[in-house]
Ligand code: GLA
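So this first bit is one chain, no partners, the form predicted alone, shown in structure tokens.
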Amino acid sequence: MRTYISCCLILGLLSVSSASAQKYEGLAPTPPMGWNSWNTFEVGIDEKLIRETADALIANGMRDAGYTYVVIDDGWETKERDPQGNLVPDPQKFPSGLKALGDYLHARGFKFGVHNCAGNTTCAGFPGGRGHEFQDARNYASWGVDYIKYDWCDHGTANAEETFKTMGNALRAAGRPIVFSICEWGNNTPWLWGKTVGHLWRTTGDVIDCYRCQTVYSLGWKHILDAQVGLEQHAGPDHWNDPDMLEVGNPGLTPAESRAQFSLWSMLAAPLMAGNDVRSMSDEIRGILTNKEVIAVDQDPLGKQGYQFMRHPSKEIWVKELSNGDWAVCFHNSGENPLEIRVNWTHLPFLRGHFKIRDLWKGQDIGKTDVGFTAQIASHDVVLLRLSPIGE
């Protein structure tokens, strides 16, 4: 009887907890930055790749620019759980185990992330977390995991909000502060309920390395950008809209499209998760990913997501309020031909007073807002400016 009562009490406490999921607060005051294995390698991952990637992130300056999360996406586990129901790292891919890999990353100044799924199986057919949330969370904590990306495949008729709350409660109960990335694809408006459950939530399906193409499951980044309009009110410190990872440097994008995605994701205060092979990227792509002035727009401590101020055929203006009275203004040419823009700053009513203008890709101060601004923008490219108030 005593055992029965204790079990009932525990179940009752878990039920109450499920109704009021509370994440670890303060883990993501600015959008997380790091690298994720999926976009380039999908399930073709192993510990050698992850260690080489971490070493490359140090050598190329990305770690010091802020890319501190190294996230192993789908495909790290065996096809079956062990007899005790535990997830098992694939011994062929990760012979040292995930704890040792996490130790390797931590020793080099990184934080360790893994992927799993809220359904019965992951999107690649590996064991999902459904029904094992508390068991899995304890294992993640024991391996030193700092970040969990939790996907939404094979979920059946499960309720998204309650399902992710269950995993959020499990992470909290495991006792290790872990950033919880809700990868629910925006199907159930996670921006309306995700703030107390996770630190970021996907707003769309998967990104792919193209500008405006679309497949059954994936979207070019311009489609994803368009879907962010109106979501800015739901983002802020420790709770971020996530328009998915960066395709910067991947073969389907031109250098202009890579620069534009990086600029606009920074305007969105989006998590900046690189998805290219950082071991072999060009100097141009490294320069995009490590541009500290653009990163500062994304990581601005005010924590406001930018918004689309104006959209005309082939021309968009995105603006983002920054700390200390600064503004970021991004002009994007969405057309197929070069575009000339002419700006009368008095037509931007959010600007009050006089500002100096800095071009963040040129790395140059280029004037003040007391005169108009003209620029040429190549197809699918951007001009990204930071405006700083001039004291009276």
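So that there is no doubt, residue numbering starts at 1 and follows the sequence shown. Here the structure is a predicted model, which means the values were calculated and not measured.
The protein also exists as the form predicted in complex with the ligand; that form is not presented, and the subsequent description refers to it.
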Contact residue in the predicted complex, chosen from D74, D209, E133, D238 - any heavy atom within 4.5 Å of the ligand:
D74
Would you kindly say which of D146, E247, E257, D151 lies with a heavy atom within 4.5 Å of the ligand in the predicted complex?
D151
Is R202 close enough to the ligand in the predicted complex to count, meaning some heavy atom within 4.5 Å?
yes
4.5 Å heavy atom contact, A141 and the ligand in the predicted complex
no
Test of understanding: in the predicted complex, would A124 fall inside 4.5 Å of the ligand by heavy atoms?
yes
With heavy atoms only and a cut-off of 4.5 Å, decide whether I224 touches the ligand in the predicted complex.
no
Segment that reaches the ligand in the predicted complex - one of 81 to 89, 181 to 189, 277 to 285, 299 to 307, heavy atoms within 4.5 Å:
181 to 189
Between 209 to 234 and the ligand in the predicted complex, list the residues on our side with a heavy atom within 4.5 Å.
none
